[in-house]
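Presented below, as structure tokens, is a lone chain in the form predicted on its own.
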């Protein structure tokens, strides 16, 4: 039997990210889990309008998405607790830049994506930033045959329902393959 929960968003867990932008001339990072895939070359960020980082994204037209591992849970959580208006959160990390020059990235994160802003969608309490991925960087330790191995990345996952961080489980089936056994009956 199903129990009606109301109009709740249950698309969790989501990867927890550290979004980077240059704000007032310096790198800043904010913890964001409301990220999405628009298509294979673009992403979205749902960010409350109150975030200090939003101004930098709008001003420079660039941002980064940094995917921390579970080992970075304290720094990641901290970046969501304090504002870049008052604290220089970039001091926690080794910061590097790619070709865009205004999208700071975190060396300690296993994966980094450098993005160019394509569009801002204005919601009443949130800005939705849509960006084109211009370059992706990955640490050698998380690659297997040139492909990202998420078991090695150990991304930090977030659920809003219980306000918790979770770990990734194991791979158990091959996409675009496991369902083929059902096509035999067609």
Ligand SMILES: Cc1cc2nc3c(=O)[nH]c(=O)nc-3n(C[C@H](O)[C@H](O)[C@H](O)COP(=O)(O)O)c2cc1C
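Positions refer to the first chain, counted from 1. Because the structure is predicted, anything quoted here is derived from the model rather than measured.
Just so it is clear, the following notes concern the form predicted in complex with this ligand, a form of the same protein that is not shown.
Heavy atoms within 4.5 Å of this ligand in the predicted bound form belong, among the stretches 44-52, 116-124, 140-148, 64-72, to residues of 44-52. Proximity of residue 22 to this ligand in the predicted bound form: non-hydrogen atoms within 4.5 Å are absent; the residue sits far from the partner.
Although the partner is absent here, residue 98 sits far enough away that none of its heavy atoms falls within 4.5 Å of this ligand in the predicted bound form. By the criterion of a heavy atom within 4.5 Å, residue 82 is counted among the residues contacting this ligand in the predicted bound form. Under a 4.5 angstroms non-hydrogen atom cutoff, this ligand in the predicted bound form has residue 34 among its neighbouring residues. Contact residues in stretch 98-117 (any heavy atom within 4.5 Å of this ligand, taken in the predicted bound form) are absent; none meets the cut-off.
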